[in-house]
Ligand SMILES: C[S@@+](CC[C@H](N)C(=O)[O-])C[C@H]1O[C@@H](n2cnc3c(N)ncnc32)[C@H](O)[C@@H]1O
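Consider the single chain below, provided in structure tokens and representing the form predicted alone.
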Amino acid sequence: MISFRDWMSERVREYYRSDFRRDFFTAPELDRVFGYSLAYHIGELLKDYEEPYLLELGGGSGALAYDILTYLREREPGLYKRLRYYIYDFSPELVELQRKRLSVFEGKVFWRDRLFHMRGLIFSNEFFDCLPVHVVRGGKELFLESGKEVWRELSNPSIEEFLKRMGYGGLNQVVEVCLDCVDLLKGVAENLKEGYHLVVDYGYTSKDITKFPQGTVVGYRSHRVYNKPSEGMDITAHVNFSLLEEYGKDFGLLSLYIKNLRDFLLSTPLFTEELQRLTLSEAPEDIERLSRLKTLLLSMGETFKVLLQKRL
């Protein structure tokens, strides 16, 4: 018998050693303007740092790093010259993929398999959603035995503490408890001596949790969503942004804002300028890109959120 949390952890590690790109796409792969928009805000946050570090949690295919560094090299050359870009990843296969894609930035990109002391910005796109969750309902936790679901006593006293602190104890629904998110957040804060923490991911806040009575764990395979995930799938759970905000206080991370991705993008001059230009263009490639930008705003704009925290 194994807790769902431990089962999910094993499956995620196995999955990201395969060619996961066949099952889904992320915002950076949709259009370069996503990475450029993030880079614009990175430039605003780090413009006064003498030697800032950028640390991306989970580099994926390297597409986001490529777009961020391309933007900074072209539009913020002074900052580009001063910064060092790090990628934190545990998958040798993904690191090799990233190295090939980012070879044009020789001497600028470095890899780490653990967090380290730094000043600058730690950020992620679709990273927290891959962290395993305890699945709880009615004071019981979900376990798996020979593939069958079994509800048993909570495996960790921190789960009950979390439910009380977040005000979820009386909810008559499935609640996902990501203690791994808390641990990672603590690690981020301990290693970020000065600077910011930025999270982009699909998720919810406490006021929206009742919209997900059966929880949010799903599996992705070949661009299809499965409510009963199994081996060989990308298994994820929506990120509880209220958790990141609440526990961030314990670790000296002050939340500056939580926004929907749509509002974040529309607050970015570069994005709105590109949107306007593409709207007026009749070129086939621009029409296609406009469709992708609309996907960012409409399909992903409400589901995805952006959290910015400052290290106190």
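Quick note: we count residues from 1 along the sequence shown, nothing fancier. Since this is a predicted model, take the numbers as computed values, not measurements.
Not on display, but discussed next: the form predicted together with the named molecule.
This chain appears without its partner; in the predicted bound form, the one residue of Glu56, Glu246, Glu274, Asp31 with a heavy atom within 4.5 Å of the named molecule is Glu56.
Of the residues given (Ser255, Thr26, Thr279, Asn260), Thr26 alone sits with a heavy atom within 4.5 Å of the named molecule in the predicted bound form.
If you check the named molecule in the predicted bound form, you find a heavy atom from every one of Phe90, Phe127 and Cys130 within 4.5 Å. Residues with any non-hydrogen atom within 4.5 angstroms of the named molecule in the predicted bound form fall in just one of 265 to 273, 246 to 254, 282 to 290, 57 to 65: 57 to 65. The named molecule in the predicted bound form is not approached by Leu97, whose heavy atoms all lie more than 4.5 angstroms from it.
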